[in-house]
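Only one chain is shown below, in structure tokens, and it's the form predicted alone.
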């Protein structure tokens, strides 16, 4: 092992959250090293659907998601790259009366919390926004100024801005151990020992393994959300559409292709560093898209893939301080819906690590919430 490399902060993981946190820490004057075992954006940050969505966020996530939306609206100024970001309505469609009651309940709940970004649409208002939706659909819940972006382009934009801010980002550099040496932390790789005052675990699907090294075992499960891309179709949809009670994420890109997701899982394998699609589950995704948009029957599938993320039963990530070690921080397990929150999570982690405080309540995201089986199942969409 070569002579150690020293920095104020060592970030484990080169996805959007790791690169964003590294950038914000560097902007606060810290020296930062990012260690990525593969390449930047290789897994969840580059293989997701690119949704920039506040709609139907679990309530603890809403303040962070709202702040992230503010950053997204100025992302080109912040990163010197537009990240492929486009403003577009995000719409959750009710397929029956029970779905509509569910959306009405959600609207009342989020409004009672003081947030106004989600609006109810009756059938006519819904069809003005998504005229191609199936006739049987009854209405929707919507955020009219959310959108979508290009995942790889965005993650690379954070990487480039971080490098310009002085962050050292090392790819193909897997971490083999983390341990304390006095007041400093040592992070080992096959060839080099890195020492730092603080360490951020932003290792995505592998974040649970890092946490276990720190005596903080968590019930993180690997998750391989699958995606479909079709051939180019004549323009028919300007919104990103989800369904109230069936897995579907649906949008038409500017070039006419349609991207279909929704969280149906493939086969993840952390040990082989990969994931495999499940064809039968993909068929269900395609059938659901045809139900919601009947003329999709004529579409041809041209590409499929499965990402690789980590998921908790309650649908929330782990964000915040370690419960066992000083100057260890976590931001992982975003359950397949962390892309939109990347800008704000990086901002809050930079503030927390550099200044010791942040303006958000992180208790719902605490790594300790899993003790004694405290974390339950996620309500509704993540």
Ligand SMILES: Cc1cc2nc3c(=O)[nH]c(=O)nc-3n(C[C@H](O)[C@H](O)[C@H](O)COP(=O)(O)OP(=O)(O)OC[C@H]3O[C@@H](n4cnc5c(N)ncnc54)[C@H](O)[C@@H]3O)c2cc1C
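Numbering follows the first chain given and starts at 1. What you see is a predicted model, and the numbers here were worked out from it, not measured in a lab.
As for the form predicted together with the named molecule, it is not shown, yet the points below apply to it.
When contacts are defined as a non-hydrogen atom within 4.5 Å, none of 106, 110 and 250 contacts the named molecule in the predicted bound form. The listed set 141, 311, 203, 162 contains one residue whose heavy atoms approach the named molecule in the predicted bound form to within 4.5 Å, identified as 203.
Remark: residue 49 counts among the residues lining the named molecule in the predicted bound form, judged by a heavy atom distance of 4.5 Å or less. At a distance threshold of 4.5 angstroms between non-hydrogen atoms, residue 330 is out of contact with the named molecule in the predicted bound form. Under a 4.5 angstroms non-hydrogen atom cutoff, the named molecule in the predicted bound form has residue 12 among its neighbouring residues. When contacts are judged by a 4.5 Å heavy atom cut-off, residue 35 counts as touching the named molecule in the predicted bound form.
Annotated contact segment (heavy atom within 4.5 Å of the named molecule in the predicted bound form): 222-230, selected among 222-230, 291-299, 114-122, 192-200. Taking a 4.5 Å heavy atom cutoff to the named molecule in the predicted bound form, the contacting residues in 14-29 are 14, 15, 16, 17, 18.
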